[in-house]
Structures are given as C-alpha cells and as structure tokens.
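Given next, in structure tokens, is a single chain: the form predicted alone.
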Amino acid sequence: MLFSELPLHSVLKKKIAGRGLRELYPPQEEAIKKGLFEGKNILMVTQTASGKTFLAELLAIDTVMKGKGKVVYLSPLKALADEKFRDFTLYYGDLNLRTILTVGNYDSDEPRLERYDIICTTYEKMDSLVRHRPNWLEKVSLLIIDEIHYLDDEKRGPVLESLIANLKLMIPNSQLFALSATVGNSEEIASWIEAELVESNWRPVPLREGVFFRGKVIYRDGDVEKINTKYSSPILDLVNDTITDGGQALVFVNSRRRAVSLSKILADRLELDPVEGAEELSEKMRNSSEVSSLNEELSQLISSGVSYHHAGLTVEQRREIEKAFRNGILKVIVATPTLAAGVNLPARRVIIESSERYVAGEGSEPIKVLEYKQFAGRAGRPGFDEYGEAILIARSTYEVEDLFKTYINGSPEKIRSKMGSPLKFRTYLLSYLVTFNGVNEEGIERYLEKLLLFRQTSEKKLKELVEDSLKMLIEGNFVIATGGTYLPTELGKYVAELYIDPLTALYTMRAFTKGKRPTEFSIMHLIASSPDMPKLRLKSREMVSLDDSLMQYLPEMLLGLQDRDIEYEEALAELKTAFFLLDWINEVPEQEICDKYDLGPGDIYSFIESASWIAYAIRRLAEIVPGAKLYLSLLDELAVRVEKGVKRELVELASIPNIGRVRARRLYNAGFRTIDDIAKAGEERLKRVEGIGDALAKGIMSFALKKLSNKS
C-alpha cells in the first residue's frame, strides 16, 4: 500500500509526499486495513522502528486537521513526552497545529489546554487532569497510549490502568490507539481495551540474535562468527569488532557503578580516534551541571568517543549524550536499563553484559524476557545498517543453552495488573469516586469491569479489596456512605486532586493535631515519611550513626514510630531522606550532596521533584486541618525552599525565572537582597554578577520592573 492511498487530509498528504515517503511497512498496512483511520481502536504490538509511532503521528494530525477533535498523546516518561512534543513541532510545525507539552503540577485542570489541538503528556499528568474533570476533556476524540506494556510496571501500571478505565467511562466514543513492542498476552490486552490487534515480528532492519562464548558469537540461525579476541574481554572484543566494522555499540549493564567503570575501561583501552564535534561537546560537558567531578568525567570520556548513560545524569546531559550518539560523535554508550525504556536510540550492535540484576534486599535476579526484548529492539539503524545484532554474553556451555531458551527463543511475560495491592487500589478507587462525584454499588461495579484487574483476579479477592478499601476511606473521612451511595468528602476531593496517597493526608493531619510546633527538620521528616516520597537507600555502615540520630531528633518529629505501622529500617531510611532534604534547603552544594548520599544530579532533581509536590500538598492540607493554619507562613516558605534548594533569605530572589540556587546566592552576595533592589539597580550592574549574561540580565530586569509596577 502507498502513502498516497491513505485517507489523509490533502495538506498532510502533500507533506508526506514531500518527505519522500512512498510505501507503508507491512504492520502499518495491517493497521490501516483493520480500521485505524476509520475510528477503530487498535493495539499495535510490533517491533521497534516498524512505523507504529509514525502512524500515531499521522493519525493525530489527520484527526485534528479534519476537525474531529483534540488528541492526547500519552507517554510513561517525561523524556518520551518531551521527545514526542519535539517531533510534532519539528516535523509538522508548518501545519500550524497547536501542540503543547504538559507535565508536573498535578493540582490543576489546566484551562489553557482548551486552546490546544495535540496535548503531549505523561500517564500521571493525564490522570491528575481527569480528576479535575476539565471541560475540554469531552472534545478529545483520540487517545494515543505509547508503551502500553508499562501496565506491568509496579509504579506506573496502576496509574495507566485506572486512567484507561476512567477515560473509557468518561469519553466512551473516543478512539484509542495503543502501542508497544512487547506484550506477552496481547490478545487479552486488546480484548480489555476493546481493540483490534495488530501483531508482527517484521522489522525494517533484520535482527540477528546470538550468544557470545569463548571468542565466538553463536547466532539463532545456527551461524557462528569468530571475533578477534584482541583484548581477551568479551565486552571489549565485541565493541572493538563493531567499531572496526564501522558500527556503533550500545552496552547494557546492570548497575550505574558498572556503567561508569566499564565506559572508562573502553575509553582507555580502545583508544578511538577523535571525531569532529567531540571536542566541542566535551567542553560543553565541563559546565553541564553543578557537580564538577561528574562534568569532568563525562568530558574526558566523550573526547574518547565513549560515554555512560543512567538516571543519575541530568536530563540535559542525557539528551546531549543521545544526540551525540545519533550524530556519530560517540561510538559507544554503556547504559543501565533506563535507556532501553526511554528515547529511541538504535545501534548496529546491542550487547547485554549480564542477564541478571541486583535487587536491594533480594540479591541477584534474572531480568525479564520483556526487558531483553526491549534491549534487542535497539539493534539496527534504519537507513544505515543492513542488519542489527543483539548479543548476550555467556560464561559456560550450560549458560549458552539457557540464554537461547529463556531470552532469544523466549516470549515476553504476560502483562499482569498491578492494581491488586490495597495501597494502590484504595488510592485509585478514591480518585474514581472523586472524578464521578460519588457513585453507588452499581457505579463501582462499572469501574471494576473496566479494569484489567477484573479479568485477572478472582471475584472473592476483588470483593475483599473493594470492602477493605472502602472501609479505610470511610474511617479516614475521605468518603461517606449514605443511602447506598459513596460520596467523597471535602478532604477526599482535596486528596484526590492533590494527587497524593490518602495515607499522606492521614499522616499530615495526625502530625498537625499533636500541638507540636514544626521546625525545618520536622517538616522535612514529615515529607520523607509520606508514602509518596521515594526513600534514599540505606547502607549497612550508616545504621549505627542513623540509629543515634533517630534518638537525638525524635523530640522534633511530628510523627513518631508509634504513629504508623513502620519497620525500623524504613524509619532510618526516612531519617536519611529528611537529612538529605535538610541539606538541600540549606544550600549544601550539589557536589557535596552527591558525594555524601552517593547520588547523581539527576537523582537530586528526581527526589526534589517528589518532595516539592508533597511540600505543596502539605501546605494545602494545612488549610483544612484544625490548628495547622498557624503554620501556613512557615509551610509557604519551606515549600519554596524545597523546590529551589535555598535558605530563607533567598526565597524572594529564587522566585525569579531562570534563577536557581547558585545564581540566587551570587545575586544576594552582590548586594541584591530583594526584587526591588534589582529593579532599582539596572541591567549594567546585574551583568557584573558572575553567571549573569546580557540575555539573562534583560529577563531578570523585565521581571523585576513588572513586579515593581504591579505593587504600585
């Protein structure tokens, strides 16, 4: 089938023709024949680079251009949502589509979205929007769900499952297009979302899968290839073989520490010739974060054509590394699994060092087949490579056989609902009750029937889950039962719209009704105690000192150990997390925080993003908790300090756009104490402050003058 035969808007057809695209790939053709452009729901489970994302783009644009309604493009990760937004603006910007990226800020119905045609967002953000029932939602005619296999993810799975159920009840006539490369029980998932299934192993670049053992790669088809064992190291030899043949390699390892150490070994031993653009990027990396040791490490590696990639790097650092790999500046990236779950980054050869991963508290565990398939899907660059290779490394003859049986010839695991835990279920049941402003038993049954959980759990267990959840929500005053109807209380609405766990609200109310005066530490500890807050990992050598600190800080804590059902080690992890937050709001440099807590700058921002939201939620909850209103001023101040990482005196300066903790401190030290000081000083004096260039000085001054005029 030709693209010219598709029932696309005429302007879009010309656009596609201008890009030189003629024939559809076989999986794309199958999706068309099954009614993708006729409003049919489709689940497309096809290989990476098989064209499913491109079809989603065409469908989205065609839907808008034909006036059918709005489009929401859902991704599991902010990086993916950002990438999709960039794609729409880069490739289709001249079509005058109103496209927006929205992530974060879960306490708003975002009325501005009324003005946009295509909304790129994350599962969590869309879930929070639905709870506010925005008016524009009824205008959504197409929902695109990228990476639907995240239903199997412990964290994001319940969000997506409940979101799909709510959307099917709220906008039942909207079309749903779900995408994935790996779904073990695709027929069941297609049936659940009431979609036609398009499933194919076709790839534009053939994939050769194999196992490396004793200097040879044994391929799935029986071919054996001898590799030059110049380095007597499986990884070094495989990477060297790839680069010698003019290709690039992605190496997946099972820990950050290994990613860093292996990338250094590769850079040192391979001695690759510098590539044009490497020196410029290397220099750019020297100023890419506030953690100078990391910057220098990345800079030196990149100049050697190698880098590592993991979640501890900043978003911008990861983006630059990915871009450099696409442009051929980097020949090798050593990555943790986060790269496979993120943006599309193909390579000639993908090497999986180990099929096991260390899980804290549980030891080594084999990776899932689904995860291996995600790794393997990165092999082969369309338009550049005749084939791609995914290679596992074996340490014994037995392991060769096992790797073939389990991974290369294995099928991805079935997706299982992750809504079955009481902690998850009660949160999303409350959100459903709030979204629909209360329902009766029949209404709860309708919600249950829309869940994947309904198909995969016994009737008895489901009934117990509902009863236990309703009991907790009623006892916590989140819901009241009256006349056979379950109605959310004001507190229940607050909690659902604030996008927090009901337990976070209970802990906050319990803390503020004790009559203790909160301190900086006690609020940081309250944030750290929230079930919504990720905890820093404990190390055995820290246990004694943290145990001593627990006794020392116990009088300041608003929540004692007796106030919650909590394990002792978890209490120590909360304390460590509270200390981290305390360091952050007291301007301990990022380099020092990274060294002290074994974090990367990306980790800091991830933790702070969660902490900022919880700090905001606690501030909002304090408005309705008796006795807590006395502390609203303190909570306001601390919410800003958590978000910005500054001491009290910098709160006002840190509110200026593009002014972070470092620049705010430099401004303060240069004599600017308030925004009024800036407005009176003028641009020229601002430019004398380190790190304040012409453009930034102009922006700061504009903001300051506007604030000053608003006052008068």
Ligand SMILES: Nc1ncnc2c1ncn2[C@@H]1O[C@H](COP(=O)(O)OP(=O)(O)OP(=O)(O)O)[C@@H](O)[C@H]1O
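Residues carry their position along the shown sequence, with the first being 1. Here, rigid core means the biggest group of C-alpha atoms that superpose within 1.5 Å across both forms. What you see is a predicted model, and the numbers here were worked out from it, not measured in a lab.
The same protein has a further form, the form predicted together with the ligand, not shown here; the description that follows concerns it.
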| property | result |
| --- | --- |
| Residue (of 256, 78, 381, 535) lying close to the ligand in the model of the complex, criterion heavy atoms within 4.5 Å | 381 |
| Contact assignment for the ligand in the model of the complex, among 650, 686, 32, 49, heavy atom within 4.5 Å | 49 |
| Among 381-389, 595-603, 193-201, 110-118, the region lying within 4.5 Å of the ligand in the model of the complex by heavy atom distance | 381-389 |
| Proximity of residue 63 to the ligand in the model of the complex, heavy atoms at 4.5 Å | no |
| Proximity of residue 147 to the ligand in the model of the complex, heavy atoms at 4.5 Å | yes |
| 4.5 Å heavy atom contact, residue 25 and the ligand in the model of the complex | yes |
| Partner proximity in the model of the complex: residue 14 to the ligand, non-hydrogen atom cutoff 4.5 Å | no |
| Residues of stretch 52-75 in contact with the ligand in the model of the complex (4.5 Å, non-hydrogen atom) | 52, 53, 54 |
| Cα displacement of residue 688 between the shown form and the other one reaching 2 Å, rigid core superposed | no |
